[in-house]
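In the form predicted on its own, a lone chain appears below as structure tokens.
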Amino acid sequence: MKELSILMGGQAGDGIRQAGNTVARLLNRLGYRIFFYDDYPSLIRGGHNFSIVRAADKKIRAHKENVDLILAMNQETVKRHRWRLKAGGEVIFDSGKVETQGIGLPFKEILREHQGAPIMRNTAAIGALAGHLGIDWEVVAEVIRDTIARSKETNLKIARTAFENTVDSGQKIDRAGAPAVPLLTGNEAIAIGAVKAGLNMYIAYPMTPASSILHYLASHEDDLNVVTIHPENEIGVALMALGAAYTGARVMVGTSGGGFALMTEAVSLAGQAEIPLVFVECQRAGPSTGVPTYTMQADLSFVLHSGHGEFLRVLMAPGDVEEAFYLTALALNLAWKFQIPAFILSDKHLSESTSSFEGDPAEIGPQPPISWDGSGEYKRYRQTEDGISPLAFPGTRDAVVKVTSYEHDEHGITTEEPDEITRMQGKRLKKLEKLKSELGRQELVKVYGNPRAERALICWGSTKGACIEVAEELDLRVIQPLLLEPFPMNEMVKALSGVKTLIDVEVNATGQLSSLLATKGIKADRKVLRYDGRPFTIDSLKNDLKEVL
């Protein structure tokens, strides 16, 4: 595999993520597939930020520890990351801020020459990188025009000066030969997947790492025809979403663990009132405020068991941008077809990392719910053979649409009669068989690596990326469940056929997937767990697996 990894580092406010975004798009234009990891503390200014852009000539879903190039905007970047530099690698740095060996350019002087703002140092770094790699200036200029919103001409002049000062210093990077594809974060893929399935309202209170779903949909509100609302807190978010769904809006909400904790009463209300609603829970390191801008997979048990009482739910865990797109669309359609809460369980690593997207948006569309045909007396909770009651919304002619958090009869009138309680609870749970049949048409468990290997890694969510590449190198099988509730037992048994050693790989401290598997009679022989707020890289996972194998 032909590949290149580049690290950009500086302090918050240096525009490191913007620089990484531009570099990713540069390499994308050359036909490379991209994985872009972003690391930052919970500070507005100060603190150390860095991004790693990995580019390869085939699909990748993870980054590596070691890099070929470092773009250093300050001395701390060299101090922290010099160890990552491969033999023969190079440091490109701001000679006014950094002392080290490599290619130094006076970024501040270049900015002064063109009357640029301090943030434009990152543009100088991009120009220097492009010159070092021998990328055609026309490609560089095109990407800068597409990705930098303000002062385009000034940025172009700064980049060109840096470009010309390094144009003969490196080795020309070859084109990969593939066409450029869209680059999306996991959160952007979630947002677009929901829109393709008919989303017309998104309600959220900002909470890292879910906030960018709100930002994305708000900035494209008119283009996508999605109303975005930012209430006063997460309780308001969930209750407003229930009211909107009751009136017929296809609604999704998004948050992280601390915000979801405030929404759990609404989860139970959705279950009792049979209101369709999609919850996106983007996990970060906890408990409590925890480590706000770093990743973890520690909310599986929480989301799986959220809410009180017994009711149907769907819980899906995408592992890359394509799955984020398709599974969110599926969750929205299932929520409306079966009138149940559905959950997308993401994590910071998936939500905020950027990847090449190779899905087909044309495959996704909204599926209409089962609607009342207008005949006879309308009963919101009418008993049916499969438990799904036809929907009508307030304002529908001749329909009184009553929903309630209490147990109720077919009309929605509160009841405490034993027979009625039994009947209505049975009605809601009766949907499970049809739900399983519907899900059976989907790919619920994926297998990668050597499908006949007797040693297998089992993982979920974004951890799949590192697992796949390590498995290819170590001749292992990788098993990834996409659906965690209702648990796809038949598909999992088939995926595990012939496995003699099962190794659970998760980014949490207790192995929550292995605990779920144990309730299904599936025992993991070993666990490889990481819980320092960082995702597995290919290198770190390979080292950990060598110890347990």
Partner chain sequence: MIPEFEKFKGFKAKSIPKDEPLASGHRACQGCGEVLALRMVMKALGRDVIVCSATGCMEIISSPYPHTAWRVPWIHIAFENAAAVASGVESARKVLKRKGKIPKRHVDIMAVGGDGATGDIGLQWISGAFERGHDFLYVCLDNEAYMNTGVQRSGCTPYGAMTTTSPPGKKSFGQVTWKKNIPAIAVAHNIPYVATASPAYFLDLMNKVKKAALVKGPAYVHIYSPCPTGWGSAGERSIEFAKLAVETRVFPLYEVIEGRYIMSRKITKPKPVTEYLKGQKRFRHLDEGHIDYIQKRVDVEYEKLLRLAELT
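A quick note: this is a predicted structure, and the numbers were derived from the prediction, not measured. Residue numbers count along the first chain shown, from 1.
Quick note: we don't show the form predicted together with the partner chain, though the next part is all about it.
- A heavy atom within 4.5 Å of the partner chain in the predicted bound form is found for exactly one of E274, D320, D94, E234: E234.
- For the residues L43, V493, A518, A509, the 4.5 Å heavy atom test against the partner chain in the predicted bound form is passed only by L43.
- Here the chain stands by itself, but in the predicted bound form one stretch of 218-226, 340-348, 419-427, 98-106, 218-226, has heavy atoms within 4.5 Å of the partner chain.
- Contact with the partner chain in the predicted bound form, defined as a heavy atom within 4.5 Å, is made by all three of S211, L262 and T289.
- Taking the partner from the other structure, the partner chain in the predicted bound form has no heavy atom within 4.5 Å of any heavy atom of F163.
- Residue contact check for H230: one or more of its heavy atoms lie within 4.5 Å of the partner chain in the predicted bound form.
- Proximity of P486 to the partner chain in the predicted bound form: non-hydrogen atoms within 4.5 Å are absent; the residue sits far from the partner.
- A residue is said to contact a partner when one of its heavy atoms sits within 4.5 Å of a partner heavy atom; P118 fails this definition for the partner chain in the predicted bound form, lying far away.
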